[in-house]
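There is one chain below, alone, in structure tokens, taken in the form predicted alone.
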């Protein structure tokens, strides 16, 4: 069991498999991309399997695969198949931009990996292409519809960007109202490779909720797990639900149960904090399991209490791109 220095149980790992992405979303990185890690700096699939085993042995029972875009990694399914053999693992999920998932849908279904988060910040083609700087709208739309129709548990992650996509907030709720989908609206965070800085946002979770309930006044708040990052609601007459994730306001820090490991092996105990240790060389050295477990315990034992505290210790936190810190 992993318990941090604030008596919070850590049972959820966000495991990044790559820092690369085939989109160039303007809130995530500059148009030319970032300085992506060399292949020899990335954890191999075997090493990712080993890291997962170590963490599951320490009490992790939920793993979300992230990137970059996970399906950029051609050997991703090898890792996913291995994760399904770990008996103590209760939940395996994937966050994806849905551009490359299509040919893997059948296999994911066979493996029982049905919890898929789709990053989608617009339903209007022009807005989508302007934000992503790519023309994959049809592919994403078709894969999203297929995931929904084939019974996957789909959550759509929509980052609200001032002056870019707020006009799509209500239409995406209307489009999804007949489907068992959760549309989750996230506050923008300044992890964009240094291309933009800000200390406050217009579209915080309160403003997003006010915008939604002005159009849909008949709604109810849903009960959520204590560790949930989203505040969840349902509009009367809608099969779908919607959630608000205060990722910039950071109201959920007190119950945080998450640990991040980047594609290069950095252990990050808070999205806003510095890496605590790098596991890559430890995994490649002698006594890998024993030494890795010790370092993970050390990292978990020195967590910041909140994202604001972590940010104070990490003055250059916003120089990073979300794709390099595991989404």
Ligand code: SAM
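Residue numbers count along the first chain shown, from 1. All figures in this text were calculated on a predicted structure; none of them were measured in a lab.
The same protein also has a form predicted together with this ligand, omitted here; what follows describes it.
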Taking the partner as it appears in the predicted bound form, which of 220 to 228, 151 to 159, 202 to 210, 85 to 93 has residues with heavy atoms within 4.5 Å of this ligand? 151 to 159
Examine residue 2 and determine whether its closest non-hydrogen atom to this ligand in the predicted bound form is within 4.5 angstroms. no
Can residue 181 be called a contact residue for this ligand in the predicted bound form at 4.5 Å between heavy atoms? no
If you check in the predicted bound form, is residue 189 within 4.5 Å of this ligand, heavy atoms only? yes
Evaluate residue 165 for contact with this ligand in the predicted bound form, applying a 4.5 angstroms cut-off between non-hydrogen atoms, and reply yes or no. no
In the predicted bound form, the residue from 282, 259, 28, 43 that sits within 4.5 Å of this ligand by heavy atoms: 28
Need the contact residues for 308 to 327: heavy atom within 4.5 Å of this ligand in the predicted bound form, sequence order, or none if there are none. 322, 323, 327
